[in-house]
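Two versions of one and the same chain are coming, encoded as structure tokens; call them structure 1 and structure 2.
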Structure 1
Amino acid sequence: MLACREVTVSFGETIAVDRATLEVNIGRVGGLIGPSGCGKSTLLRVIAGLQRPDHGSITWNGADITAAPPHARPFGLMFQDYALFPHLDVAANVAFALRFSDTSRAEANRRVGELLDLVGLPGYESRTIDGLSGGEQQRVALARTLAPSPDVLMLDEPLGALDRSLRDDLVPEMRRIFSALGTTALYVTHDHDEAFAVADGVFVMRDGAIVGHGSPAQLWERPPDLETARFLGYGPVVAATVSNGRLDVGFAVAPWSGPAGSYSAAMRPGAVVIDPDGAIDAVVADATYTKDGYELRLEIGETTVAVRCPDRLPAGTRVRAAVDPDHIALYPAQPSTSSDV
């Protein structure tokens, strides 16, 4: 098991990583998500040995490796912009790590061929790095990281530099490679969809601290806090009350089992649905075409929510809608910001 305990890193006055604790079991893929600049990459660098933590420890299968130099750790790190060696060809890049183990030349060549097959670039051995496309560079970087068969594979925004369609293709590809190798991995990204698609368990990081973790389904259905809910794509957030087994979100009421009190209700897509029998009176503000159907923005009193609809309803159309409480998460009520003025 890979474990970080209470890892803290500060640069001068700035605390980049704040008592971060996470664990990834052998053979599992851990996701680490959070907005840009939250300290994800710094935590990866600490695990890789490129950055000394001020406090805390890194253990691998129970052995403390906090002070071990990077080359002595059985981990591989794939860098954000790949950091491929421009003076070496594809084969030499992939075989780089094998130079520092007692691998024969023939064995190294065989391994390079095998890895290039795995990442879908057979025959690319003598290509130069300059001549590769972004997606090809990404695959070479992955092959290079896999070459020494690291016990743990760490990937820092591995698809971040690629355009959307390529990313959509490569996500299942990465998943396939991980399960083919049965490798332990820690996958860092700011894109929660990507992390949910690839990882078995996901850690959420914000302002240097790990603020929650769980399986993709757990996190999506019940984000650990309101900020995380917003980060994952929940919205809008409205003031709500629970009493007598009913949830009141201001413009609608739905059955709810939970303690009574005042809450902030975070709604994810599907919380409001168009329903001719619904109790909510809404007006279409605008409609945006998405791949299959339309996304309508509905105005319900002061609140605007997005709903999916197969038809393009013109702006100004009045529709009836209903609330689905399974798509709402409640958090302790936040003090209203407007009352501070």
Structure 2
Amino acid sequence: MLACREVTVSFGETIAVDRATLEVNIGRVGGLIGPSGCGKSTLLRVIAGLQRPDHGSITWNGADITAAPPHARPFGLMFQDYALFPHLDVAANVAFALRFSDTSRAEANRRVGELLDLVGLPGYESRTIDGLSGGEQQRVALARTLAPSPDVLMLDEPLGALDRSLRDDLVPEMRRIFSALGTTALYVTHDHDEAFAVADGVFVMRDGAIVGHGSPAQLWERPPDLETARFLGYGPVVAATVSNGRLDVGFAVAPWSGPAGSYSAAMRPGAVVIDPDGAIDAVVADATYTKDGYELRLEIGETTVAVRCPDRLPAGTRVRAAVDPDHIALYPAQPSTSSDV
């Protein structure tokens, strides 16, 4: 098991990592997500041995490696910029780390061919780096990181430099490669969709601290707090009350089994759906085309929500809608900090 315990890192008066604790079991892929600047990359550098923590420990299979230098840790680290050597061909890039081991030339050549097959680049040994696309360079960088057979693979925004369509193509490939190797990995990204597709379990980081963790399904269905819900794409957030087994979000009422009280209700996609028999009266504000059909913005009183629709409806169209409470997460209402001036 890879484990971080109460890791803290400060740069002057700035706390970059704040008592972060996480565990990734052998053969599993852990995702680490959070907004840019939240401390993800700093924590990864601590695990890799490139940054000493002010407090806390890093262990691998129960052994404390907090003070171990990077080369003494059986880890592989892949950076966002890939750091490939342009003067070397693909084979030499992949085999670079093997030059510092007792691997024979024949064994290195075999390993290079095996890894290029694994990452979908068979026969690319003699290609130049400058002649590769961004996606192909990403695959070469991954093969190079895997060449020395690290016990733990760490990836820092590995698809961050690629366009969306290429990232969508490569995400399932990353998952396939991890599954084929049975790799223990820590996958750092600000893209929660990417992490959910790749990882077995996901840790959420904010302001240097780990604020939640769980399976992708658990985090998506019940984010640990309102800020995480917003980060994951929940919205809008409206004031709500629960009483007598009913949830009242202002524009609709639905059955609810939770405790009575005042809440902030965060709505994920699908919380409101167009339904000819629904109790909600809504007006189409506008429609935007997406690859999954049209996204309509509905105005329901003072609240605006986005809904999916196979057809484009003109602005001003009145529609009926319904609320699905299974797509709503409740959080205790925060006291207002506003004041009259």
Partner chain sequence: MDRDRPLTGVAGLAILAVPALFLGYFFLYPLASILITGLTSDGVPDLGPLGEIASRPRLLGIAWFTLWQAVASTLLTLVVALPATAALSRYEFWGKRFVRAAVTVPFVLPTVVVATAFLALLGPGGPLGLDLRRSIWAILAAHVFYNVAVVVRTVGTAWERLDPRLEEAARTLGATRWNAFRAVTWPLLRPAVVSATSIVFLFTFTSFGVVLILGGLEYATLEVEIWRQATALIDLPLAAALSLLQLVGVTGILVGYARYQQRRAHELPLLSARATARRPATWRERGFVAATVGGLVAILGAPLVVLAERSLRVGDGHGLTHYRALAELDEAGAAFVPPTTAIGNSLWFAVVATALALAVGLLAAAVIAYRGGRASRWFDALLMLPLGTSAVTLGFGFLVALDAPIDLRTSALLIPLAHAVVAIPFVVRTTVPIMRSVRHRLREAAAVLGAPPRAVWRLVDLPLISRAALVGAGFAFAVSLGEFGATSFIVRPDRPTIPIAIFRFLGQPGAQNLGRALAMSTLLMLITAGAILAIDRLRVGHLGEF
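Here, residue number means position along structure 1's sequence, counting from 1. Predicted model only: the values in this text are computed from it and were never measured. For the two forms, the rigid core is made up of the largest set of C-alpha atoms that agree within 1.5 Å on superposition.
**Q** Kindly point out the structure, among the two, that is the form predicted on its own.
**A** Of the two, structure 2 is the form predicted on its own.
**Q** Once you overlay the rigid core, does the Cα of residue 87 travel 2 Å or further between structure 1 and structure 2?
**A** True for residue 87: a C-alpha shift of 2 Å or more.
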